[in-house]
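A single chain, nothing else alongside it, follows as structure tokens in the form predicted on its own.
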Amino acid sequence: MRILIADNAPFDVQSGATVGDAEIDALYASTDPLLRLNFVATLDGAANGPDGVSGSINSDADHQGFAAMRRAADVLLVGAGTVRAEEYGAAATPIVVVSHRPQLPPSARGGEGIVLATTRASGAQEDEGTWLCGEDTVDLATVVERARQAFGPHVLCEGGPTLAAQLVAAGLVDELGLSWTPHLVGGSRGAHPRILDGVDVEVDLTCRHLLEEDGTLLGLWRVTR
């Protein structure tokens, strides 16, 4: 992995220098309260591949950044649609699944450290594994606050595009970690959404770092406030 740009890196940076796992972890680490989005996209902007999931557009370099962001996070925040499509199960990091339904998607049921965040209108009952956050729609600010109280300050959202756009629109997102992999998929936006979908937003960001390996670019951007 080559480092191309790094703003305020916790080590000396030379553009073009090779970095390993320790340096990559240091670039993604944060002790401050943080909500970071993590996405992979093709060069034509698709957030998934021909099979409708992100795994088919991943690369080894993207996996390195993905793993570093997971190691840095206290809790993962994921939409139920992404959990179903990507067949999420229990992970080393706790997971909060956002859904309007009263139960978790099948792959996540019974998994240790997985919480459902849903609405009172869903008919679900509040308990340690089910949080009622909002009446008819999920109150994302409440979800994020409860996730921080339960698990820690660093929240990593892994999608999907609808949840990510709602979080950005609500002013809850601090950073975007985005990998571009050297693929083109074409097709329609309905089949291949962008990393944000459904809600119009207008947000400026500044680049914190940019890495490259075998044609994959890994970037981290900070929301400008």
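In case it trips you up, residue 1 is the first one in the sequence shown, and so on. A quick note: this is a predicted structure, and the numbers were derived from the prediction, not measured.
Separately, the form predicted together with a small molecule exists; it is not shown, and the next lines address it.
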query: Is it true that P33, L156 and E175 each have at least one non-hydrogen atom within 4.5 Å of the small molecule in the predicted complex?
result: no
message: Between A29, V53, V199, V185, only one gets a heavy atom within 4.5 angstroms of the small molecule in the predicted complex; which residue is that?
response: V53
- line: Contact with the small molecule in the predicted complex, heavy atom within 4.5 Å, among G89, G129, G81, G152 goes to G81
message: Can you tell me whether Q125 touches the small molecule? I mean in the predicted complex, with a 4.5 angstroms heavy atom cut-off.
response: no
- prompt: At the 4.5 Å heavy atom threshold, is V98 in contact with the small molecule in the predicted complex?
  reply: yes
message: So, V75 and the small molecule: in the predicted complex, are they within 4.5 Å at any heavy atom pair?
response: no
- prompt: Does the 4.5 Å heavy atom contact test between T181 and the small molecule in the predicted complex come out positive?
  reply: no
